[in-house]
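Next up: just one chain, as structure tokens, the form predicted alone.
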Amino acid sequence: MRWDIFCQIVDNYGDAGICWRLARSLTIRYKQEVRLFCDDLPTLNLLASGHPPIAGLEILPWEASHSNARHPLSAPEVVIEAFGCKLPQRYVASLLITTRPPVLINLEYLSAESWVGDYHAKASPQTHGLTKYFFFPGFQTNTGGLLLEPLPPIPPPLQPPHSLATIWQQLRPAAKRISIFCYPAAPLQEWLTDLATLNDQFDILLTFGHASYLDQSLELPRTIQLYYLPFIPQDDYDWLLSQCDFNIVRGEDSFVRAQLAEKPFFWHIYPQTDLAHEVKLKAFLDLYLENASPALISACWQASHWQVPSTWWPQLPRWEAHAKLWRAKLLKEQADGGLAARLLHFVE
């Protein structure tokens, strides 16, 4: 089938990362034909850089969906609005005159909240005449599942990708590796200062742009080494997560990839003024820590709220074991292929 996916980038890279991962999953694994329309092609191309062209997948500017009146696009069988983005009016008008209207899907944000299963795949008739279906990614079997592909191999390859080769040569063999991808409001400076009090060496890998989060006058002992990463492609970041002893991630795509990397992590969830993020975070931690020990539960909660590392770092060995069990549980419960497969099954 032909799929049109629409992506408007709201929060830096996350929306584009999910749409790109979904588009290539549908084409590579399920042999679908996909057109991905994006309002910020430079960001999308950065994430996809280094990946060879994919047969059946076109990446197009937003306006390409409705600007070519002389040579209109062929009608799709499926249209996906990623995260509630508004389709161009002229594109919607073209859908209304097709002989067979497409399946229109609003791909929602991922959540572990229990209500998601009740609203997943429900229909919503629209004023223009089409019916929109709300598709909720989630952890439970009655949701849209998780975006798994490409599934990282365990153990991962040791050879670093080209974008990380230079920095990887500088890392100290005995040091613990921590990758950090967080929002600017995080108390990162205080967090690193406390980390320096632990009796260990740490190589801190800060993702692109994070240098601006720190006061340049910050002085840390030699046990802490900071490495500022360039912007790296999506697949290279997946590999990075697998090579670190601990990961701090944000957004939806890196959140799922950290779980698949089989390593301890915490999710710096985007803060909202109505504190809805706290409800969302609690729903995930309740699920993630369902069978964990009280000590590990306490450590994960403390870490997830940016408590200083000295309060919870001793629990890291237990957390490592838990991360392995969690990945195995995820893959067992998503054995049907997760989000891409469930989308395809729903459309069929």
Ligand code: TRH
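These numbers were taken from a predicted model, which means no experiment stands behind them. Start at 1 and count along the sequence shown; that's the residue number.
Another form exists, predicted together with the ligand; not displayed. Remarks below refer to it.
Interface residue among P233, P101, P152, P88, judged by heavy atoms within 4.5 Å of the ligand in the predicted complex: P233. Only one of the listed residues (F139, F202, F181, W239) places a non-hydrogen atom within 4.5 angstroms of the ligand in the predicted complex, and that residue is F181.
With the ligand omitted here, the record of contacts in the predicted complex names 246 to 254 of 246 to 254, 141 to 149, 128 to 136, 191 to 199, defined by a heavy atom within 4.5 Å. Put simply, Y109 is close to the ligand in the predicted complex: some heavy atom of it is within 4.5 Å. At the 4.5 Å threshold, heavy atoms of T207 reach the ligand in the predicted complex.
Within this chain, W326 is remote from the site of the ligand in the predicted complex, having no heavy atom within 4.5 Å. Proximity of A303 to the ligand in the predicted complex: non-hydrogen atoms within 4.5 Å are absent; the residue sits far from the partner.
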